[in-house]
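Given as structure tokens, the chain that follows is alone and in the form predicted on its own.
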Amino acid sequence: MSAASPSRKRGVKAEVPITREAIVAMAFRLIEDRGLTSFSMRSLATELGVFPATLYWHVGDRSQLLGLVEYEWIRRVELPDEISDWREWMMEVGRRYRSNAFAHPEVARLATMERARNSESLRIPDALLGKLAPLGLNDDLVHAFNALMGSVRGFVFLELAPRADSSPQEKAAMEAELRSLDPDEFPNLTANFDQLADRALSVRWNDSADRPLDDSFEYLLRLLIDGIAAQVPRKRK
């Protein structure tokens, strides 16, 4: 994380013009640096050197501002319009979505909300449906859509789940605890521990920034897309 800039007193002239774009950019940076739970309109106003009322005038309330921040994050996921094959297109969207989440994990957590805070943030779901709808899935369309959206988002945010303490001492303690699991209580985990150790969700002690689960994510994408392809009428494959 980058160090936050020294706070300015409210009412002191801001270093940059106060525009909607400047407010969203600063909110994005503050959330990424300090986390969503520490973010407030008051702290944002202090950073920009304005009164909170100025923010409400430009971007609305906190929820509306978070919608704009969410959209700014989503906007950075470039759709691979150069790829014509629907399967490879979906693979690449998944990779780009995950890459963007790794680049901005704190802001990316806004996208875990069930309902988008900003309708403009629905461009990826809309593009995904644009690839699925022509496949002739009929009533399975919604199931294919939910499987892709839920699985990719769920994997990414489980992979990026923050730890309260990620110090070397805590990592060593977690590894020791996992390696000492009772085989009578956890027969399957202990029998396969060498294969899973620090490579499987729930059996990790390093953060994904240090040891990303790249191969497992690729496996998930292939599994999902091959499964959907198996439901497509033969003439449309």
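The numbering used is simple: start at 1 and walk along the sequence shown. Nothing here was measured: the structure is a model prediction, and the numbers come from that model.
The protein also exists as the form predicted together with a further copy of the same chain; that form is not presented, and the subsequent description refers to it.
*Asks:* Which one of Ser84, Ser167, Ser99, Asn138 is close to a further copy of the same chain in the predicted complex, taking close to mean a heavy atom within 4.5 Å?
*Replies:* Residue within 4.5 Å of the partner: Asn138.
*Asks:* Check each of Ser180, Asn188, Ser40, Gln64 and return the one that places a heavy atom within 4.5 angstroms of a further copy of the same chain in the predicted complex.
*Replies:* Of Ser180, Asn188, Ser40, Gln64, the residue with a heavy atom within 4.5 Å of a further copy of the same chain in the predicted complex is Asn188.
*Asks:* Using a 4.5 angstroms cut-off on non-hydrogen atoms, would Ala144 count as touching a further copy of the same chain in the predicted complex?
*Replies:* Yes, Ala144 lies within 4.5 Å of a further copy of the same chain in the predicted complex.
*Asks:* So in the predicted complex, does any heavy atom of Arg34 sit within 4.5 Å of a further copy of the same chain?
*Replies:* The answer is no: Arg34 has no heavy atom within 4.5 Å of a further copy of the same chain.
*Asks:* Is there any non-hydrogen atom of Arg199 lying within 4.5 Å of a further copy of the same chain in the predicted complex?
*Replies:* Taking the distances in the predicted complex, the answer for Arg199 is yes, it comes within 4.5 Å of a further copy of the same chain.
*Asks:* Does Ile228 reach a further copy of the same chain in the predicted complex if we count a contact as any heavy atom within 4.5 Å?
*Replies:* Yes - in the predicted complex, heavy atoms of Ile228 and a further copy of the same chain come within 4.5 Å of each other.
*Asks:* Taking Leu122, Met149 and Tyr219 as the candidate spot, are all three within 4.5 angstroms of a further copy of the same chain in the predicted complex by heavy atoms?
*Replies:* Yes, each of Leu122, Met149 and Tyr219 comes within 4.5 Å of a further copy of the same chain in the predicted complex.
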